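Form predicted on its own, single chain, as structure tokens, below.
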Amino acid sequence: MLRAPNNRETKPRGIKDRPIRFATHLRNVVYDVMIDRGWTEVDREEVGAWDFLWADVAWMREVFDHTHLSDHQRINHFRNHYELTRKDHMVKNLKRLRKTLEREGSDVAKELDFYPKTYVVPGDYSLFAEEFRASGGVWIAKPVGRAQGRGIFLFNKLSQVSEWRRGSRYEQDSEPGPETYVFQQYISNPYTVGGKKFDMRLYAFVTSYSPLTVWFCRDGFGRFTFQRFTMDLSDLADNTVHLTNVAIQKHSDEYEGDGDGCKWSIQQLREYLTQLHGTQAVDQAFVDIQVLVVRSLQAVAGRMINDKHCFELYGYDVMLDSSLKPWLIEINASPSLTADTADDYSLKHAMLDDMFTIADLEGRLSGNETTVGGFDQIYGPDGWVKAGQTMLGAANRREENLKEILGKERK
């Protein structure tokens, strides 16, 4: 088997004369896509053997800084992706950008009003407690380093979170303090369908942070709870009422084994909302979601270690409230790429295939495309692409588009 060259000569943008060689530890939809593209799997420990590595975040943390990569090699994470995808860092960076814009008198500052009041504890416990005493209500506690709803709970009394209060116990004892959490004011008026709460999993693909270049997938899905939503205090401890994660909903008494009953496509969701609220209101809500995505990326662009070897697919979790205002819940560096249903598999397979086409390891694109398959470029070196418009949830004519831009190379 040929190996990737180790010299530093200028490489073509893509590799056309042989199949792409990839390495990964995964065996899910992303693996299937790479095989279906005709790529060849090699040992990921042999750094010089692969053209593309689907790395996990542990590899980025432990190996990336000590690895020499050839010009043509690519990896699916930026080195310090956690600036965006760890809940505490994300909030810190969003707050920093907002304060900077407010000091400058920029109107853009108001576009960052898309995340709830948030505090990182135990560090900000005193500030949180002051806010809680003033506003009260229900709050949600989330561990900064876990996923799939693990460790999340709701509370409405300070006594329920006293573990995070900075006190003599942790200052005087050698015993470590509690795990770092974020406390957020709970969105108590979520938009519901049939009385059930949902959020949306959406996909943004960043090919560069300098200049910031963002592609947004037209597809995605809404994740519903099986239980009807209620703010009754007696149900605060029931995460199947409040959390939409499939990993949580599997524990609901109403869960249907294949999970098909708790997901809608974004197209279905947009059509449903449009029937009830009209095209203008829903278009504005979806434009606001797109703004949310770009502003969150701008919040970390100056801090992200931009590297020509890196690109990243982010899974955005966004919720609408009863007024159709979007709220950012979290951003995932490793969104789930396993499939619960046939529709789920088809969506993720197509989305990933288009992502790799944009990454263009094969060198088939001209570089001037603004739509590739089911992705639209929404922000680039010259700023917004078609500002004030969005294709999120629009008809996805990806096969027609791919045949148009790839011609005979589209299999």
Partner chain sequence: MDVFQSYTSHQCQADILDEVTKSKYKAISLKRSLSTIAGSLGATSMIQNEIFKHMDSGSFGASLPASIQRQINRNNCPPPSIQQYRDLQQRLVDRIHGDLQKLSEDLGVPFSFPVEQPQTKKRRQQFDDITFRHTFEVSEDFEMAFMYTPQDLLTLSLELTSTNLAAPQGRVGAMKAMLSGDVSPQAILAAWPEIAAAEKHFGVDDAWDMGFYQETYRRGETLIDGYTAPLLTSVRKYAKHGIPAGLRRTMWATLLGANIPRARGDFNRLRTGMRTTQLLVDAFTAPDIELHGLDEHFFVFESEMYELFACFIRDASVSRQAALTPPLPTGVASEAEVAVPCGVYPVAGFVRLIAPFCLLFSDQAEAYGLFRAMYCRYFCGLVTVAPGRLGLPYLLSAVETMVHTTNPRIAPHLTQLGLTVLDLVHPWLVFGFAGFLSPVEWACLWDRVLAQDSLLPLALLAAGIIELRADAMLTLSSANDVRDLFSDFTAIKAIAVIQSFVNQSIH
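Because the structure is predicted, anything quoted here is derived from the model rather than measured. Positions refer to the first chain, counted from 1.
The same protein has a further form, the form predicted in complex with its partner chain, not shown here; the description that follows concerns it.
The single contact residue among 74, 201, 295, 263, judged by any heavy atom lying within 4.5 Å of its partner chain in the model of the complex, is 263. Note on contacts: among 271, 321, 307, 340, the single residue with a heavy atom within 4.5 Å of its partner chain in the model of the complex is 271. Taking non-hydrogen atoms only, residue 224 approaches its partner chain to within 4.5 angstroms in the model of the complex. At least one heavy atom of residue 275 is located within 4.5 Å of its partner chain in the model of the complex.
Put simply, residue 157 is far from its partner chain in the model of the complex: not one heavy atom of it is within 4.5 Å.
Contact annotation for residue 129: none of its heavy atoms lies within 4.5 Å of its partner chain in the model of the complex.
Residues of just one listed stretch (186-194, 322-330, 85-93, 120-128) have heavy atoms within 4.5 Å of its partner chain in the model of the complex: 186-194.
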